[in-house]
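Only one chain is shown below, in structure tokens, and it's the form predicted on its own.
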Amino acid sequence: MDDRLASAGYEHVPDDAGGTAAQGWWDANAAEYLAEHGRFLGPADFCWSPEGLREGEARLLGDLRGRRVLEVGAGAAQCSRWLVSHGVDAVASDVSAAMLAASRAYDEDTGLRTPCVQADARALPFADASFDVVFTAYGALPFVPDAGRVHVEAARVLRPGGTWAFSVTHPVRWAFPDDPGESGLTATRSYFDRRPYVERSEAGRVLYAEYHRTLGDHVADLAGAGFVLERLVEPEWPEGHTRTWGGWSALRGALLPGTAVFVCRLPA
């Protein structure tokens, strides 16, 4: 099968094609992604965003002593490994076998043991009410057409009163080109254009799909799953942070929000 990239742009695609592309893409690109970003993310560090917001300082999940935690869309489980290093009972899950293989390698490098499970965030292999906290840092949600199912699954596996927290590209960014330079400062698309960004092979197969949702869409999905939104965090670009990550840069970060972190509660 020829998987060379032939086209990229915004278009509607069948949900099954878009929803299944993520696993293949991350399996094929895990090594390249970690080679580029692994040092910034660390083998055992909890980073919420390209701005460098870290859980060790932000404490968005609160006091985790005695609590059971699940990470979905964990990638190589850097966040969960950081939690494990701090004595937290944490489990990581991801749809990509290549990312979980990288997680095992990081465990060997750090001497830590991070429990990992291969799973689609829309169909978690865990019992109802089995976790106190569920989170994801840029995982799962952007890569599925039916994000509501991820929220519903998070609610299902959470105990009453539990926390669900996730970070995503700030929805405002979708109106601007994904460019860290000057051209990334001028809006060129409608914020309300919900067509996903799609990459196709020469054979027309969907290789990658990333989905846009407005702030209102996110809130509606959360409410539909029974969550109460407690905080919406928009990290500012820190002074002295010069790293460029895709469309994130100091130039754009000084003017535009890059990340939105939603911290939610399941009613007791």
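The numbering used is simple: start at 1 and walk along the sequence shown. Because the structure is predicted, anything quoted here is derived from the model rather than measured.
Heads up, the form predicted together with a small molecule isn't pictured, but that's what we're talking about next.
Put simply, residue 26 is close to the small molecule in the predicted complex: some heavy atom of it is within 4.5 Å. Residue contact check for residue 156: none of its heavy atoms lie within 4.5 Å of the small molecule in the predicted complex. The closest heavy atom approach of residue 103 to the small molecule in the predicted complex falls outside 4.5 Å. In the predicted complex, the small molecule sits within 4.5 Å of a heavy atom of residue 122. The contact with the small molecule in the predicted complex, taken as any heavy atom within 4.5 Å, belongs to 41 out of 225, 53, 60, 41. Though the small molecule is absent from this view, in the predicted complex it lies within 4.5 Å of a heavy atom of just one residue from 165, 99, 90, 147, which is 99.
Only one listed stretch (157-165, 81-89, 180-188, 134-142) carries heavy atoms within 4.5 Å of the small molecule in the predicted complex, and that stretch is 134-142.
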